[in-house]
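Okay, so here's just one chain, in structure tokens, the form predicted on its own.
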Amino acid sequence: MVYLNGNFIEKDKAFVSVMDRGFLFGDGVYEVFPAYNRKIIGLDSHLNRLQDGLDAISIKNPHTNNEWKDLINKIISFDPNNQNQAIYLQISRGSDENRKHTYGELKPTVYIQSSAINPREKSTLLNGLSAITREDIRWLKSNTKATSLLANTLYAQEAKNNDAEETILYRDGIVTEASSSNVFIVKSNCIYTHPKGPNILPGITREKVIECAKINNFNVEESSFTKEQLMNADEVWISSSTREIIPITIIDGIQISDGFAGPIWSEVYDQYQSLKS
């Protein structure tokens, strides 16, 4: 079952108009809420970011936070056998009478669905995974979680074609983020991640990773670092709502540090797992 514009219906019966601006222009925003044992990690933070995205592209929020929570929990309840779910919520500007770049007052299109999350066991991550790097050519509002994700999907597909977990992006030599995740490095027992701003999506899992690191008394610097520093890091991680925290040990075919997930990643990973209980 999915939610579409006020109705809970079967997914194969859910349709939107060809005049929907989400379909025609990618004119909308979205959120992904990770739910473990029916508990959503960072629910309020996700809803706050949703509001920020709506404000950024001037769409009026069609629901209050309490209404969103009721809708999300209802979607979660439709799959009693699946305790771990990713709830995808999308709001487009809505449908117009004809295709045109400008718009007037439209009723937003709201869609919510659930997909299974299959978290990777820690034991399967100890050797780390690989990534490739590419120049970041995306628009300069990457902090808006917009549905127009063509560049991101091309980067993600390029990683897949290279049997890699992710594509790590850099702009003018500075690492920004990855195609669908944030990036962390560790050097001399300090954790670094790109500061919030227009060049990165302010990930909710990124926020939780920083909290977990500080609980474990690790120093965290939200400051930029170069591609060269990335390649010479002691540890490299990526984080996202559905990936959690993944160690990266090979980048562009080059081994990072000793080629294994590092001890700081291990402690932060364990701390993050405690959020699920």
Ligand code: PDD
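Only a predicted model underlies this, so the values are computations on that prediction, with no experimental measurement involved. Sequential numbering from 1, following the sequence displayed.
Although it is not shown, the form predicted in complex with this ligand is what the next lines describe.
Q.
For the interface check, one of 188-196, 138-146, 94-102, 122-130 should have non-hydrogen atoms within 4.5 Å of this ligand in the predicted bound form; which one?
A. Of the options given, it is 138-146.
Q) Which pick from 249, 224, 61, 242 sits with a heavy atom within 4.5 Å of this ligand in the predicted bound form? A) Contact check passes for 242.
Q. Does residue 49 reach this ligand in the predicted bound form if we count a contact as any heavy atom within 4.5 Å?
A. The answer is yes: residue 49 has a heavy atom within 4.5 Å of this ligand.
Q. Any of the heavy atoms of residue 201 lying within 4.5 Å of this ligand in the predicted bound form?
A. Close contact exists here: in the predicted bound form, residue 201 approaches this ligand to within 4.5 Å, heavy atoms only.
Q | 4.5 Å heavy atom contact, residue 152 to this ligand in the predicted bound form | A | Residue 152: contacts this ligand in the predicted bound form.
Q) Taking heavy atoms only, is residue 180 within 4.5 angstroms of this ligand in the predicted bound form? A) Although this ligand is absent here, residue 180 would touch it in the predicted bound form, with heavy atoms inside 4.5 Å.
Q | Contacts with this ligand in the predicted bound form, stretch 8-32 (heavy atom within 4.5 Å) | A | Result: 30, 32.
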